[in-house]
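Below, in structure tokens: the form predicted on its own, a single chain.
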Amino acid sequence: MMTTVKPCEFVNVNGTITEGAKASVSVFDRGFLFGEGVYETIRTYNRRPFLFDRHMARLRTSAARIDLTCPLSNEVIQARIDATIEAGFSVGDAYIRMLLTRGVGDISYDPKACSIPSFVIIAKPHSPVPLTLQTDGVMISLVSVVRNHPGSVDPAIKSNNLLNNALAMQQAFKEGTYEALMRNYRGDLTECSQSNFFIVRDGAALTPPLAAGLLEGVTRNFVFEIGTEIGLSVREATLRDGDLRTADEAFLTSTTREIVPIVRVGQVTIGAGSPGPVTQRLLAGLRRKADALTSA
């Protein structure tokens, strides 16, 4: 007798929940036609969306920069997230992706051609970073793809148009590495295709400044707070290729991957070639505070 496995990935399209394989949006949605929209990725700890208010603030800021208004309150969005997760799985933590697009309308660049924005929520079980990556670290590529100039598609906008990131990551895939580190038009290091980038030197964690042209990561900012709480210096600094050779440690940060140690960037081995103590302390501090904030 065949048993039916309940799908875990569910999607909420404008308030209607379906299995992921059955979810759909119109081909005339401007998010599909032009990548015209913004998004946020959230994960849960203890079944509660982590730093939800900060992610929503960034979503609304990104939307405002493309003259798009989110029509839903945070409370309505929170309720839709909860309902979508519960439809899919009743235990374990979740990966949540929220997408806000211009909506459905004529094939036109005129914002007035769309009257109602689309709001999509994707929810599926969260897959933690494999333990071996935390203990051994990862290799990433320093790619030739240049990060978008802030005067074109500003990286500060968390846009659904991710072609710049995808092209960078394609190069990393070809090189067999975990992530793609990009430079800006001046040659400064900026960020990775799906994460923010830090090095550690003389006990301080350093990350490129927002003025370099990058996304202000929610986890990136949270690491600043963790550093203050545990007595570690975390600050912005302009970084270039040469700084990789003098780094004692390096790591990346993202919502779903927390903090992942980097042991090699391109042809450069970072420090001793193994995860270092500053990275480990920050990761432990992040997890400790995340648990405290979501279990209260």
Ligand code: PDD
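The shown structure was predicted, so the numbers you read here are calculated from the model rather than taken from an experiment. In this text, residue numbers run from 1 along the sequence as written.
Only in words, not in the display: the form predicted together with the ligand, which the text now covers.
Colleague: Please check if residue 256 has a heavy atom lying within 4.5 Å of any heavy atom of the ligand in the predicted bound form.
Modeller: Flag for residue 256 set to yes.
Colleague: My question is simply whether residue 124 lines the interface with the ligand in the predicted bound form - judged by any non-hydrogen atom within 4.5 Å.
Modeller: Result no; residue 124 lies far from the ligand in the predicted bound form.
Colleague: Taking heavy atoms only, is residue 41 within 4.5 angstroms of the ligand in the predicted bound form?
Modeller: Close contact exists here: in the predicted bound form, residue 41 approaches the ligand to within 4.5 Å, heavy atoms only.
Colleague: Is residue 201 close enough to touch the ligand in the predicted bound form, meaning at least one heavy atom pair within 4.5 Å?
Modeller: No, no contact at 4.5 Å.
Colleague: So which of 80, 102, 183, 158 gets a non-hydrogen atom within 4.5 Å of the ligand in the predicted bound form?
Modeller: Spelling it out, the residue with a heavy atom inside the cut-off is 158.
Colleague: Answer with one of 98, 218, 189, 172: the residue that has a non-hydrogen atom within 4.5 Å of the ligand in the predicted bound form.
Modeller: Answer to the contact question: 218.
Colleague: 141, 264 and 281 - do all three of these have some heavy atom no more than 4.5 Å from the ligand in the predicted bound form?
Modeller: No, the whole trio is out of contact, none within 4.5 Å by any heavy atom.
Colleague: Picking from 72-80, 126-134, 102-110, 193-201, which part of the chain touches the ligand in the predicted bound form when contact means heavy atoms within 4.5 Å?
Modeller: Checking each option against the 4.5 Å cut-off leaves 193-201.
Colleague: Check each residue of 121-154 against the ligand in the predicted bound form and list those with a heavy atom within 4.5 Å, in sequence order.
Modeller: Heavy-atom contacts to the ligand in the predicted bound form: only 147.
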